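Only one chain is shown below, in structure tokens, and it's the form predicted alone.
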């Protein structure tokens, strides 16, 4: 693989934070810290939870750690994820989530990670006082009919509910600010807040709606906001299994994103989600023009070299290497909170596209050689090809005895003659219709519209 020669670029420096710079370069020392910094976050090795969690902030960091703990088979990784979630929650005010994490740990991490009732009661008491204060302030603002103050009051309520895990109430509070927005900037802020909460709740129809609202504001959006909206739209399309639309949105994300949207998504996620969705849904021309030759997206791909290499291998028809990269990435991708439900579908679509592309140029294919190229058995390959032929994705027939796939290419000579005959018949019909109309006009055999009195 090539070294990351663009690391000196300011945008790349911003994206290479949290110990991910120079992922292709050899470690400069033998220390564990250096090894961690030079290792990609998403790789065939066991997921580096500390480095992975460092890519995110806020609630999504905690939820991703809990998701890893719930879906990981390794007890050590489970406990490490829960311990990090425990520490992160204690920096905030979400006591309900804290109790859930403590329950999941079940005392397996010793007394330092046990139920802290004193902290919970203190936070809950402060929350009640804060809520009462916010209510009094908001009532005063509403009495005085100051629009900007009312908007900020509801915004503060939204932030309060969000920090305490009451996502439904937070969403309602942010939406109520809409009636008091006086500038495009206020509308965009309201939309971004609603999008953030909607993503956390899994309500992606709301995400699509508020992305559209933000994009329709009369004033031009600044590049970081555009990048955030495209990421949110990409996640909504991904959740709806509209992989081609999702790929297009992620591919449109500009380098201005950096780490500005770490409460939702990391630059590495943009590369992974966009790359896999593009492989599953784009044809070769689109893959070349919109992914491989896309300078902006190439910067994202540099952060996840495995995804970059598997895309290049797929386009270069090195299918064994491509599928090997996919196999190495699979276990870690299954721990991704947004991609988890789509990994199997995306992998099946990518493999099917590889099989179709492999067979397309040939009149006949030796299935033994093809099985070697795809690192599978002849029997397994035959079943996959049967399914694709039945689904009409490959025009071919299988010689099961000799293990040869024969393509059913259309007879170009016969097809050309058929097109010529069809064109001739259409021309004959059109000429006859024109002659008929001309004769009708000539003999004044036409119906005139009666003049209205």
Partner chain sequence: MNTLEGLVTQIQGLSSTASDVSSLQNFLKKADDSLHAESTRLLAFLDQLDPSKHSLGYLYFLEACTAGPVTKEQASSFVLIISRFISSCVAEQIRLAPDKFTSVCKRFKDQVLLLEEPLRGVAPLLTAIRKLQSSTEHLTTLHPAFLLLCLLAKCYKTGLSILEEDILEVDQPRELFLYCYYGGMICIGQKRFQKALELLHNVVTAPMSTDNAIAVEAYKKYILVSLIHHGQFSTSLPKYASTVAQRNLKNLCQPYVELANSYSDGKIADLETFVQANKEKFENDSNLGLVKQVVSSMYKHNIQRLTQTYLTLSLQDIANIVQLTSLKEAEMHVLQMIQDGEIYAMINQKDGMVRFLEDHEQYKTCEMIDCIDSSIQRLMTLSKKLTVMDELMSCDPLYLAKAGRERHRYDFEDLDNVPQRFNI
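It should be emphasised that the depicted structure is a prediction, and the values quoted were computed from it without experimental measurement. Positions refer to the first chain, counted from 1. Rigid core here is just the name for the largest C-alpha set that superposes within 1.5 Å across the two forms.
Separately, the form predicted in complex with the partner chain exists; it is not shown, and the next lines address it.
- The partner chain is not shown here, but in the predicted bound form it comes within 4.5 Å of a heavy atom of residue 389.
- Remark: residue 396 counts among the residues lining the partner chain in the predicted bound form, judged by a heavy atom distance of 4.5 Å or less.
- Remark: residue 382 counts among the residues lining the partner chain in the predicted bound form, judged by a heavy atom distance of 4.5 Å or less.
- Put the two forms on the same core and the Cα of residue 390 is off by less than 2 Å between the shown form and the other one.
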